[in-house]
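To begin, one chain is listed below as structure tokens, in the form predicted alone.
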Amino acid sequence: MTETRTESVDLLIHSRWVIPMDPARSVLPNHCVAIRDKRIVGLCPSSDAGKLYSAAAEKHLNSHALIPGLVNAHGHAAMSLLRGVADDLPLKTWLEEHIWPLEGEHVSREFVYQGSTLAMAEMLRSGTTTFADMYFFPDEVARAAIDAQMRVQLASPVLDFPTIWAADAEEYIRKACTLHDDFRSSEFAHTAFGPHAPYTVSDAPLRKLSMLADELDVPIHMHVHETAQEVSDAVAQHGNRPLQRLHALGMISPRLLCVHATELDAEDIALLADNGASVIHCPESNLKLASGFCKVAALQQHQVNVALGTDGCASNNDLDMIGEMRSAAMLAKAVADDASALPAMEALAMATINGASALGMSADIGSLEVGKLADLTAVDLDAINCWPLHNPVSHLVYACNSSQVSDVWVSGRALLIDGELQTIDIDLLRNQSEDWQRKISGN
């Protein structure tokens, strides 16, 4: 009799459903994921696992959906400390009369590290394992992410005017290149260029960023076509729409992530499609600031990759990607006047594999496939709001809330176990947040 030899693995995670977000958009009932040395080495029916694997540890999730860790493709993490300070205002007033003055008064290395840690705690608790961040002191965001063992892509800011981070565009770009050098070997901190917007960065720095992005093989992360006024002002100043200007500067390519993109006409969409750029949709922030509506269905019909982001807590006011999926799906239907626009599975794709593709990280994250890093999120579907359970993907998008996230792994390490954070001190975080509340409010 021939003895069957099993493969040794570090961890087997069994789940009622595994939804890997593979190209087939599979839904695998009663399956497990095998993990060794931080990566996924196999998926199989749980009934076969004993014949295939010898695991050092096993986790059984009998009522859960196991999905790729969610990817929040745009935000300003440290602005969690400004949550709720300037609500119910239009974008220009909100930004110029409230947010920028508050940032000028309070932003420091300590503000960014502690605010980013607060954001990461919220994101991990709601199933996000990777986030893109555009903010000052990106090295502090990197330090916070490494301490929390969470993945971040740092869109190092670039502007024409001085801030606490840099004096002019040249200094911003120099610091962005230094950041890239400092973290090029990091497991958790990755880099990108983050020119703020076409109206805050002039042509010469944008040309230089386009060249450097190609040279360093990194994305360019930029607010683009966020409001109708931005577009009309650009036409008045430059004689063309912002995307036309960026195209003339050679910036529209698969490296470009266009954040918000609420004001797109047919020519804009064709330009993005023809050049392989991605759009980062932030539905709740856009709704709250009355910035406009992203034409998600039209973009997807033209094969434009659309990912999902929350934006910062000063304009959302949370970092809940599960809620963002639902908002995106509902809004897409209303904008397209089509109830079949953005079905649940594709909303989940926007929050997982599409986000990974936009960030240039899809070789390692965004789906549960052999060879990829073991970034996973478990959502418990045994809740009143999920009874009866006809379709787990539908429930993830249309019925679940973030409190149902029970467990999160990054590189196979558990960062959330049964709802409890493992790498962030919640009591310390609460005290720090209360201190900032007193400083910012003045009482």
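As the structure is a computational prediction, the values presented were derived from the model and not from experiment. Counting begins at 1, following the sequence as shown.
Just so it is clear, the following notes concern the form predicted in complex with a further copy of the same chain, a form of the same protein that is not shown.
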Exercise. Report yes if any heavy atom of Arg430 sits within 4.5 Å of a heavy atom of a further copy of the same chain in the predicted complex; otherwise report no.
Key: yes
Quiz item: Given that the partner is absent here, does Ser185 sit within 4.5 Å of a further copy of the same chain in the predicted complex, heavy atoms only?
Solution: no
Quiz prompt | Partner proximity in the predicted complex: Val27 to a further copy of the same chain, non-hydrogen atom cutoff 4.5 Å | solution = no
Quiz prompt | Partner proximity in the predicted complex: Gln300 to a further copy of the same chain, non-hydrogen atom cutoff 4.5 Å | solution = no
Quiz item: Only one of Lys175, Arg241, Arg255, Arg326 has a non-hydrogen atom within 4.5 angstroms of a further copy of the same chain in the predicted complex; which is it?
Solution: Arg326
Exercise. Could you check which residue among Ala334, Ala248, Met211, Val370 gets a heavy atom within 4.5 Å of a further copy of the same chain in the predicted complex?
Key: Ala334
Quiz item: Based on heavy atom distances of at most 4.5 Å to a further copy of the same chain in the predicted complex, which listed stretch, 131 to 139, 356 to 364, 218 to 226, 285 to 293, is the contact stretch?
Solution: 285 to 293
Self-check item: Triple contact flag Leu81, Cys386 and Ile440 to a further copy of the same chain in the predicted complex, non-hydrogen atom at 4.5 angstroms
Solution: yes
Practice problem: Using the arrangement in the predicted complex, list in sequence order the residues of 308 to 327 with any heavy atom within 4.5 angstroms of a further copy of the same chain. | Solution: Asn316, Asn317, Asp318, Arg326
